[in-house]
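What follows is a single chain, given as structure tokens, in the form predicted on its own.
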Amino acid sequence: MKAAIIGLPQSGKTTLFQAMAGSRATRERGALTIGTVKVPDPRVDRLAEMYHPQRVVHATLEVVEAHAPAMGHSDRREGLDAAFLNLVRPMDAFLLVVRAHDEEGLNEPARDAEAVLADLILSDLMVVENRLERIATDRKKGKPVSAVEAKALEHARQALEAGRRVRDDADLRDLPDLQPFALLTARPVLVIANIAERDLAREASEVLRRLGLPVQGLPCFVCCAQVEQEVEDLPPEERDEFRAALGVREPVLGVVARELYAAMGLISFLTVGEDEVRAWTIRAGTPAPQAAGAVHSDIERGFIRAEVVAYEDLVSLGSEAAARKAGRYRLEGRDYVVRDGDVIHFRFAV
């Protein structure tokens, strides 16, 4: 899962990136900097305390920052240019950072967010119209065209011309004919209001209301990127105390991961043992054999049964033996739909 940080210049994108990824977690790839970060999951940490495994593996998230010269216009109000949008087009989701920390109170975060969203819509509209023009040309030349694709694109054009995102149209959101175009407005967007340190002690709902957020019904939360970066620079054992002193309830990475999982329909199941405790990310609604495939394709092919216990039952009872004695373990077949927090042992034969 790749989430690109976007926003107008001077909104705090680089500071937020460093706060989430940390300087040691980044690597360059062309015009992008990519930080692979662990998805915070207290369940993994608690199970590691129970099993004392050789390895503890959290799910991961790639946070992406694009570099100059493709970082949009120099004027903070002019929006994002085509080169930048093409860089982030392959991403799975967007973290839209808006400036909300001017000492003079001259912020217009709602307007900034609307400007970026308008850029995404315009970029998609150009992609869709170019493809429709190509289809029209092919028809004139007598070349075969997909009527289904043309209908999907026309529907998308109408939505975009009306200022709607593809993701907000239930009939368009999951259409396979639109997926090859990697439309920006088909991606989840989380709006992050980059506030001043003085606002951290205030209720987030009050701050958002004052800033005119959220916009277009998008998930929105506040953080102070500068403080988050300062916390990241501290020794790990001092971070929680520093956050508590400032009124920061949760690291921004934890909020982002949780909101992204919800927006993208993702869940985690867990595998445990003396060798490894690990979280695996799958889409909600995934049957057990396909979930097994996330671990290894051989397990999916040879799937027999899934031995399942809920995380809460395993932890509350204190051990596998106690959970089995209490009848909390169960055997599930091929039709079982994996739930968030399931602790699973797959039985298979190859």
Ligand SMILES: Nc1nc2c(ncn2[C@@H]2O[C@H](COP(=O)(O)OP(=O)(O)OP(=O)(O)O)[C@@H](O)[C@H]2O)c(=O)[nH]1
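Just count from 1 along the sequence shown to find any residue number. The structure displayed is predicted, hence computed values, not measured ones.
Another form exists, predicted together with the ligand; not displayed. Remarks below refer to it.
**Q** Just to be sure I understand the contacts: of Arg99, Arg239, Arg278, Arg167, which is the one whose heavy atoms reach within 4.5 angstroms of the ligand in the predicted bound form?
**A** For this set of options, the contacting one is Arg99.
**Q** Consider the chain as shown here, without its partner, and state which of Ser123, Asn107, Gln226, Thr271 has a heavy atom within 4.5 Å of the ligand in the predicted bound form.
**A** Of Ser123, Asn107, Gln226, Thr271, the residue with a heavy atom within 4.5 Å of the ligand in the predicted bound form is Gln226.
**Q** Even though the partner isn't displayed, in the predicted bound form is Ala3 close enough to the ligand, meaning a heavy atom within 4.5 Å?
**A** Heavy-atom contact with the ligand at 4.5 Å: absent for Ala3.
**Q** Answer yes if any heavy atom of Ala159 is within 4.5 Å of a heavy atom of the ligand in the predicted bound form; otherwise answer no.
**A** Ala159: no contact with the ligand in the predicted bound form.
**Q** Is there a heavy atom of Leu8 no more than 4.5 Å from a heavy atom of the ligand in the predicted bound form?
**A** Yes - in the predicted bound form, heavy atoms of Leu8 and the ligand come within 4.5 Å of each other.
**Q** With the cut-off set at 4.5 Å between non-hydrogen atoms, does Leu184 touch the ligand in the predicted bound form?
**A** No.
**Q** Tell me, please, which stretch of 193-201, 172-180, 132-140, 253-261 lies within 4.5 angstroms of the ligand in the predicted bound form when heavy atoms are compared?
**A** In the other structure, the partner sits against 193-201.
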